[in-house]
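First, one chain by itself in structure tokens, the form predicted alone.
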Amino acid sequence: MTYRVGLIGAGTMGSTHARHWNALPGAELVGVLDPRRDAAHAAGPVFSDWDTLLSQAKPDIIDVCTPTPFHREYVERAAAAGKAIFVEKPMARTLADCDAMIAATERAGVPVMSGHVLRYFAEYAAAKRLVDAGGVGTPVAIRTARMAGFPDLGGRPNWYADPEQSGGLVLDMILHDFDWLRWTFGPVSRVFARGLYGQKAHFGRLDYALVTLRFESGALAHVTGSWAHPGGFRTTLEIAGDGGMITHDSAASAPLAASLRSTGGGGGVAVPESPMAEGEDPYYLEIAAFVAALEKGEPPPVTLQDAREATRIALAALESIETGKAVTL
């Protein structure tokens, strides 16, 4: 079967998805909906409105890549039309919208996946495999950092600069880490954060946050995010347990390394690894995983409940920044 795909939103992420839908065997991009018709043209066949897209392009899958505040509208429309749905992260700006999206898709009985792509980045996927295999023993402390400049929309009105729409970097960027951490280390019980969110003297130009997560297992994570990093995009990861340590630095030539305790009780043994040699784009891998799940009749690998939990952690962090208090989940 070839799945016909309708893309909603032809911005940076929508254009990325369009490229991979066009490259994926078993999928065909049949329509793009975006008020900026020039951007939509660049991504694929253009349709002027939702009803025309549905009636003329006849998509099987709707891929929602709009700014965050519009996710709910198009997920509910797609569910009502009986379409399979892929929706970008963050799932929504509020938990009420998350719950409405879950309810709509459950009522319609349609398959739906959220785009938490960090699970498909080779270094992070390899780190999870090492943790799951007991490579670091019992995880105790984790540090992540995700740093970049402020998102540039090329002179267009920048919705990222409005915290009420974007949630700042906590909801839009380090949400990636929240999802991966919860996927790897289990449920989060407590959130405490400090940052620049909502400070008008900075917001729209700079944003920074440091978030501390306490897991139900007792492990502790420190998550750093910056939209004030002048040196380009960079990520780091450190996982320490009673059996060893895993480190990742996107700026290093070997981006993932494991130093594991030997079974004989001696010192650590460095095991450098460069999983990026696998060579497949994670954005391609996630939509390929979605289509594979559809073909097999299986639940998609990243559910809306997963996406809601990541959103809940991010919103708790924003609440902690605003109140100065820890938030218990």
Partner chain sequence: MTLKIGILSFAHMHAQSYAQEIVAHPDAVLVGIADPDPARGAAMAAQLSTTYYPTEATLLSQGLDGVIVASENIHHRRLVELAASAGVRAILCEKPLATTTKDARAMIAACAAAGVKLATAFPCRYSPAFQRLKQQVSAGAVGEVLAIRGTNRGTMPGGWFVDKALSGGGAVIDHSVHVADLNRVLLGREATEVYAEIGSGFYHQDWEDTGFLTIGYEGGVFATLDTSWSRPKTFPTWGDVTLQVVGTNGVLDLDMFAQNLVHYDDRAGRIGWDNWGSGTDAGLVADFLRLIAGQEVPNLATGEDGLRALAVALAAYRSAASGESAAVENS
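Residue numbers count along the first chain shown, from 1. Computed from a predicted model, the values in this text were never measured in an experiment.
Although not depicted, the form predicted together with the partner chain is the subject of the following passage.
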In the predicted complex, do 147, 238 and 244 all put a heavy atom within 4.5 Å of the partner chain? yes
Counting only non-hydrogen atoms, choose the one of 171-179, 207-215, 118-126, 85-93 that falls within 4.5 Å of the partner chain in the predicted complex. 207-215
Between the options 131, 102, 221, 79, which residue brings a heavy atom to within 4.5 Å of the partner chain in the predicted complex? 221
Going by heavy atom distances of 4.5 angstroms or less, which of 108, 257, 252, 228 would be at the interface with the partner chain in the predicted complex? 228
Can you tell me if residue 195 lies within 4.5 angstroms of the partner chain in the predicted complex, counting non-hydrogen atoms only? yes
Answer for residue 326 alone: is it within 4.5 Å of the partner chain in the predicted complex, judged on heavy atom distances? yes
Though only this chain appears here, would residue 153 touch the partner chain in the predicted complex if you measure heavy atom gaps against 4.5 Å? no
Is residue 98 near the partner chain? Define near as a heavy atom within 4.5 Å, in the predicted complex. no
Hey, which residues along 169-185 are within 4.5 angstroms of the partner chain in the predicted complex, non-hydrogen atoms only? none
